[in-house]
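Just one chain follows, in the form predicted on its own, and it is written as structure tokens.
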């Protein structure tokens, strides 16, 4: 390293490049296991490791340079065919990747490498280079008696804990106990991990991450977290996750070393200042880091609640913008176009534009790339495939797609269930796939994209697909539907039976699926955030789940309608189309009013009927009908008058009114009146109940 080299000048460039290469390694290493002979994939991994080696060496980060150098040599042996790609080799490559991530995070936070041990990993790489086999990495875990639980750490983990305390970090031993009736223990644990990884690093879990993922634990798990957050903040972050019975947090104790650092650090700033001013030397020069910590990005940490409050204030501005525009229009209609009114109109338009831009910026502040959820799936799929003895090519598309954080928090569990089902039920065994003339390796694809004001997420596989007749037979066997109703179902409606509570086609209960508590929970989670899930499946060709979600839950576009003098809002995400029906077009089937739309039977209901509003139905020759759909076939709802589309701010009905059937909330209109937002899911369920009751009678 040349004298006078200023590390801060190039650190951001190095970190950006490291992030890019780590992302390449993360995807490519997992894919390599499923495509062992893919030379292009191996070359991508080799180039990423080579780039990391060169950039880290030029920056003077010797540990990263050393690890990537030996990793590059192992990859070269793989490219030359001298070493075969085995599960143990993949485990070793992933272990290298984990260490590289730890080193990168140290550099990002401190501007230099910490004391993370790399010798043991480098020894494993040397073993491969010497031509011997790779031993599996086993970690011994034990607990003390009398409830004083103690996680036994290996040498590397002890080094990480000791270094963390020396730098003034907290190291917490956390025990999380889930509710005894929690039906999704694995996904719930993943949410806890994901939340904690935003404030620190998890260096150990008990049971292992793989066992927790496979739900091979009762209702309790332990983890060791390194973080700058104190006990109360960590506890509040975990406590924000639902279905958690209890949380126990205490500092990690290194019994063998009797270190004073195991006490909770009190003079954190002093330690950081000391670290920031210590001399750092290498073979070529000695430099002193400035007392001011090296800045790696211009960002500010903002409490989520502040963003929520800001979003509420913007919502109020949106309401007043609409009201101001309405007042201006009314004055213009009554008084004509006087100069003062023109000025008012100009001001109204300007305020509308500024409010719209402010709203857009606040929305962006709440948006996160969906990769925060997607990035944890490749390794989960790999581990599930290994346990199931299946070969999976897992593809992820659209990681950069952004959506509201409140929506992101809700989609993790459903996606885990869909991916598990794809591997357990969808993809056949390699032997069976070969007999069917398919590649031994099954395809599972997860993708995300924007479509207008929605985000669309798909999970598809090229597996066995779903047989509607088998699904109907299983539903009849379980008493979920009678034979007469089953006979009337279309193939698509038959497939949708998998969403009924208690339905499962699994012959055996496994740690992945088969308990019949999966798909109904998936749909409930999605519909709870005004989303829609749809299935397309072909026997022998595969299954595709399509999930459509709103970009945000705070503000959305709705169709406004009138019922007498009351105004109601249909969320546009649930509206299929608007039609006008003539009185003589309405037919009756089993006392149910229907109309034919493009050759399909559409059941008709009045809005007052679904909301249990008592009134005399007006006599008309034609009816405006709003066609809505939630998962299953569409339903037509007759209204008095269509008012048009409008952006609305969703307000809760409050604790006094509570949950009102058929209503999801309220909004304030431009004239100051309140419009009620319809719960389309509740209305459709009510409509289905009415329809089946009429058929039964």
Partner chain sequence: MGKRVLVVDDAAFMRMMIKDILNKNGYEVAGEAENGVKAVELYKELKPDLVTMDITMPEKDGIAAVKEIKQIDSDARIIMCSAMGQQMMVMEAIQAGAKDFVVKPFQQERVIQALEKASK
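Residue numbers count along the first chain shown, from 1. Computed from a predicted model, the values in this text were never measured in an experiment. Take the two forms, find the largest set of C-alpha atoms that superpose within 1.5 Å, and that set is the rigid core.
Quick note: we don't show the form predicted in complex with the partner chain, though the next part is all about it.
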For this session: Examine residue 449 and determine whether its closest non-hydrogen atom to the partner chain in the model of the complex is within 4.5 angstroms.
Result: no
For this session: Would you check, heavy atoms only and a 4.5 Å threshold, whether residue 496 touches the partner chain in the model of the complex?
Result: no
For this session: Flag residue 83 as yes or no: does it have a non-hydrogen atom within 4.5 angstroms of any non-hydrogen atom of the partner chain in the model of the complex?
Result: no
Exercise. So, in the model of the complex, is residue 109 in contact with the partner chain at a 4.5 angstroms heavy atom limit?
Worked result: no
Exercise. Which of 531-539, 93-101, 232-240, 69-77 has heavy atoms within 4.5 Å of the partner chain in the model of the complex?
Worked result: 232-240
For this session: Name the single residue among 129, 183, 344, 476 that comes within 4.5 Å of the partner chain in the model of the complex, judging by heavy atoms.
Result: 183
Exercise. Of the options 377, 190, 172, 503, which one has a non-hydrogen atom that comes within 4.5 Å of the partner chain in the model of the complex?
Worked result: 190
Problem set entry | Any residue of 189-220 that, in the model of the complex, places a heavy atom within 4.5 Å of the partner chain | 190, 191, 194, 213, 215
Exercise. Can we say the CA of residue 186 moves by at least 2 Å between the shown form and the other one when the core is superposed?
Worked result: yes
Exercise. Does the C-alpha of residue 241 move 2 Å or more between the shown form and the other one once the rigid core is lined up?
Worked result: yes
Exercise. After the core is matched up, is the C-alpha of residue 564 off by 2 Å or more between the shown form and the other one?
Worked result: no
